[in-house]
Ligand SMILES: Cc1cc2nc3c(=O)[nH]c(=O)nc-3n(C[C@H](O)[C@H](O)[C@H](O)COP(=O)(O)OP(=O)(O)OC[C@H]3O[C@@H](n4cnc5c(N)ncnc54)[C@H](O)[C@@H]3O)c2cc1C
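Take a look at this single chain in structure tokens; it is the form predicted alone.
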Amino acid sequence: MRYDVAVIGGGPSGAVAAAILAKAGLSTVLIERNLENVKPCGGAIPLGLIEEFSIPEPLVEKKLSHMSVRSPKGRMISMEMPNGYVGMVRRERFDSYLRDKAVRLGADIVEALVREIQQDSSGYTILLSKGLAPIQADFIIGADGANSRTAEELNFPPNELQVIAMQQRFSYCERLKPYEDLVEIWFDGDVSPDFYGWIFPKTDHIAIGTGTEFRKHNLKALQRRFIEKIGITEQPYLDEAAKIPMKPRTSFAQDRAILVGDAAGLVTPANGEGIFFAMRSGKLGAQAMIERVKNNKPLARYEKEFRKLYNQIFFGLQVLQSVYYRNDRLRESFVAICEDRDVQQITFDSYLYKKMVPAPWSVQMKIFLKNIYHLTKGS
């Protein structure tokens, strides 16, 4: 069968794109290799995303406004989010909801592994596993994660930097009860020498994980050390691991194909946030694809728009990570800066809607001087 657009990958970016395309009247197929797959993910989404995509209340298992950060020496800084919250979702339920919505709007869904993509002047032929008949499409959206087969087959530039993340799920126990309504982030070289560890509560379990640059450190050893430091003796009931891209590809749009979400490398440095940018890129990519199919507008508009909206955020977080994540002395300084109420306010205001929030000149100068002081001290 031939489609206007084939979306390869059924996570948040692909499902959002497929729904928008189908709603616009384009014949759309969503290809997902494993509909039961659960990506290891903290599952934190900001209020702005919940509002923009009308995420139903039952999917948001927790609404958390309290978090704490922990330094290498054990210093704890508590922070409150007065004007919003972090929503916690469970990816197996969240992703399924988004895919079901795409199907309700008219998209077809196929569970299969893409084995090969053949291209000619008329479009693409996608060869599938399970002996399924090939799918033909005029255009492609690659939404198949950090190890995107679509990107490889269509010769997109590579993902230059990747983190490997591991997460374990624990049932609530006495030791974990304090985390029922608390997000905790560990900036500790014993837990992660170049990223961070996290403790995220859900309705019936706690997700605990850490990450490190791919192939640079022993991830399992780091996770074991994290669990030991928390003081958990119970065993996890689920282990998860995956690669996370930490830098956008140098290009993620071609004449007849685009990449969205992790496939495009759209995960922010420093905090590793991906769901927001996956869904936003899926939306922007689908809108550009509709214009390409109906009005022959170039797909490069999608990449240009995304970078215009978010390059400043990606750059700022990249600088933060490269400066403060280098060693424990600097991580100690970073946590100390987080104690400042103005820093907290700016951080939370920017996080909720992914916009750089301007601060008064006096506040900017104070934060700048604090950074200089702590950088000097940390070095």
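Given the structure is predicted, the values throughout are model-derived calculations rather than measurements. Start at 1 and count along the sequence shown; that's the residue number.
Quick note: we don't show the form predicted together with this ligand, though the next part is all about it.
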Any non-hydrogen atom of residue 258 within 4.5 angstroms of this ligand in the model of the complex: no
Residue 137 within 4.5 Å of this ligand in the model of the complex, heavy atoms: no
Proximity of residue 145 to this ligand in the model of the complex, heavy atoms at 4.5 Å: yes
4.5 Å heavy atom contact, residue 273 to this ligand in the model of the complex: yes
Option touching this ligand, based on a heavy atom within 4.5 Å in the model of the complex, out of 50, 44, 26, 29: 44
Heavy atom contact within 4.5 Å of this ligand in the model of the complex, the stretch among 31 to 39, 306 to 314, 59 to 67, 324 to 332: 31 to 39
Any residue of 278 to 316 that, in the model of the complex, places a heavy atom within 4.5 Å of this ligand: 278
